[in-house]
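First, one chain by itself in structure tokens, the form predicted on its own.
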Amino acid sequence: MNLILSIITDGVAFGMILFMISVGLSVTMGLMRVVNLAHGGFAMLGGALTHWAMMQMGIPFLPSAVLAILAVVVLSVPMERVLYRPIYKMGELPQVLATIGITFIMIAAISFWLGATLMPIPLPAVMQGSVDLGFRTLPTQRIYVVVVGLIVIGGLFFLTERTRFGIRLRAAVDHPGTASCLGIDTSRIFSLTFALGAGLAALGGIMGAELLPIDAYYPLRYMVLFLTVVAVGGLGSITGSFLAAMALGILDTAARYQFPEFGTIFFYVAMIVILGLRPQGLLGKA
């Protein structure tokens, strides 16, 4: 029983990180129909900027993280307008090649600026230490990851279900042509959604740096991981991304506990089985 509870707690923490980084990719792919393989680069940028602000500038963790997320959001807007808009009209293969090119540009920029070594993010005192849950001792940082993840889920559901922007976003996702005819500025929706996705990726990169360490090759190392969550959850589905991230996070953790030498195989076997049964993902539309 203790083993099962340990797997669930670690799996939920890992799943929350996957969700925070992948949900923005899911929404942007569902809305803009672009295969953005560079999305993990925004998580890397968030972590790298936080590392730089703390280690080089001496700024505490929280202000560093906030400034890093804001910087990524601001940077994503001109990137979307200049680099991504021409990609929207391309076919799937050109999109893959173009966004891989953007990925390597990000990698080269971070390697030139901060080097190719690991970029640790020192945790503040409040996130250090551990908490005794009775069945095991859990690092305090994991609890913060789960709490932040729940806040992100609540915020996204409020944004999409209770705000005018959410109504327009869902209209643009479901019927982009009709939404444009009704006067919805889909171009502005695209920019804001892309910036939101980049900011969430940066947040996930910062909060998940203990489990997914930040370095210049971060976008390549975890590219398939993020795409798997999006594909299994279903393009454009926030709920689907959450369910996929939780299920895959717990499955991957359980496999690593039981079969540490080849536990990762189960993650991809599950992906193949699910997509074989439901090619559109758990909650994606056919």
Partner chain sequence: MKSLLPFALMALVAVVAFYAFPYNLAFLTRVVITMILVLSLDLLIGVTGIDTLGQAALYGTGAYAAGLFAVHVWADPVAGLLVGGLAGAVVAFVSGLLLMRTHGLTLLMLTIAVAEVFQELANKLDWLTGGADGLGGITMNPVFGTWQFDFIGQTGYIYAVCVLFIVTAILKVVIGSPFGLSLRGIKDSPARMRAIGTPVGRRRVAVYTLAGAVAGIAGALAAQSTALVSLSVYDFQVSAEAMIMLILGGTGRLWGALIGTAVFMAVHEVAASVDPFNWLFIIGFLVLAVVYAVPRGLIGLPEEIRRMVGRLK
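Predicted model only: the values in this text are computed from it and were never measured. Residue numbers count along the first chain shown, from 1.
Separately, the form predicted in complex with the partner chain exists; it is not shown, and the next lines address it.
S.K.: Picking from 81-89, 184-192, 119-127, 153-161, which part of the chain touches the partner chain in the predicted complex when contact means heavy atoms within 4.5 Å?
M.R.: The contacting stretch is 81-89.
S.K.: With the cut-off set at 4.5 Å between non-hydrogen atoms, does residue 29 touch the partner chain in the predicted complex?
M.R.: The answer is yes: residue 29 has a heavy atom within 4.5 Å of the partner chain.
S.K.: Hey, in the predicted complex, is residue 97 touching the partner chain, heavy atoms inside 4.5 Å?
M.R.: Because a heavy atom of residue 97 falls inside 4.5 Å of the partner chain in the predicted complex, the answer is yes.
S.K.: Does the partner chain get within 4.5 angstroms of any non-hydrogen atom of residue 253 in the predicted complex?
M.R.: Judged by the heavy-atom cut-off of 4.5 Å, residue 253 is well away from the partner chain in the predicted complex.
S.K.: Closest heavy atom of residue 257 to the partner chain in the predicted complex, within 4.5 Å or not?
M.R.: Outside the cut-off, so no.
S.K.: Among 12, 57 and 144, does every residue place a heavy atom within 4.5 Å of the partner chain in the predicted complex?
M.R.: Result no, not one residue of the spot touches the partner chain.
S.K.: Select from the listed residues 105, 74, 167, 131 the one whose heavy atoms reach within 4.5 Å of the partner chain in the predicted complex.
M.R.: The residue in contact is 105.
S.K.: What are the residues of 221-235, in order along the chain, with a heavy atom within 4.5 Å of the partner chain in the predicted complex?
M.R.: Going through 221-235 in order - heavy atoms within 4.5 Å of the partner chain in the predicted complex - the hits are 223, 224, 227, 228, 230, 231, 235.
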